[in-house]
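Below, in structure tokens: the form predicted alone, a single chain.
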């Protein structure tokens, strides 16, 4: 069976799996962003906590995905729960790192000027530092999203949602007429999701970054 024939016959089912895959990616990226930016904001000023945050999130990214998903079965069972937890862990490092880098790259003179004008610390953070650091932070979120899109396919080992199901099903019966088209269609779906998300981040960057910073 050709790839086009398979896509024609299984189009509706593949669309459903693609939407599942996109859904778990968006949920995981959203949670990673909230946790990662909060960690970056909480630790960027002090060296010790900063190193701990970067070290721990860096360790997360080195854990083999099969091992991590397997370890999460015990406390969380099967399904979307362990999938989301693992994906959030994998997405934290680039967001934490870029949040810290972005905030530390803000010109101290600007912060001192705001302080001299009587702006409180948290007002400076939300009105000046975070907006200036936002392009770098957004780049970290974008990198995390791309990482999560690919690793989300492995979530099928814990019965997680998404296109990984088709990849593992096809590999289990490799040699049958539909195995190769099934794998290729799932891979194409994952690539399409990655492209769509990447384009979305380009649009978000244009909409949320001031012209002065972009220039």
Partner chain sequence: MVLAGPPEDQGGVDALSLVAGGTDIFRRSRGVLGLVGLPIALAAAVAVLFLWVGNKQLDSIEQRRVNPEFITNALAEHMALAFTSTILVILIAVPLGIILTRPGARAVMPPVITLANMGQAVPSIGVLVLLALVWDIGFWPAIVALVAYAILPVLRNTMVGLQQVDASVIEAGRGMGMTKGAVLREIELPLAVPVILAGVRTALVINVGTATLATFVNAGGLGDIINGGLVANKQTVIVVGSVLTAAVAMFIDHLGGIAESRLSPKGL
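Worth saying up front: this structure is predicted, and the values here are computed from it rather than measured. Under this definition, the rigid core comprises the largest set of C-alpha atoms superposing within 1.5 Å between the forms. Residue numbers count along the first chain shown, from 1.
Below, we refer to the form predicted in complex with its partner chain, which is not included among the displayed structures.
- Taking the partner from elsewhere, residue 71 is found to have a heavy atom lying within 4.5 Å of its partner chain in the predicted complex.
- By the criterion of a heavy atom within 4.5 Å, residue 205 is excluded from the residues contacting its partner chain in the predicted complex.
- In the predicted complex, at least one heavy atom of residue 94 sits within 4.5 Å of its partner chain.
- Taking the partner from elsewhere, residue 34 is found to have every heavy atom lying beyond 4.5 Å of its partner chain in the predicted complex.
- Shown here without its partner chain, the chain has 139, 142, 143, 146, 147, 150, 153, 154 in 126 to 156 lying with a heavy atom within 4.5 Å of that partner in the predicted complex.
- Once you line up the core between this form and the one not shown, the Cα of residue 173 ends up 2 Å or more from where it was.
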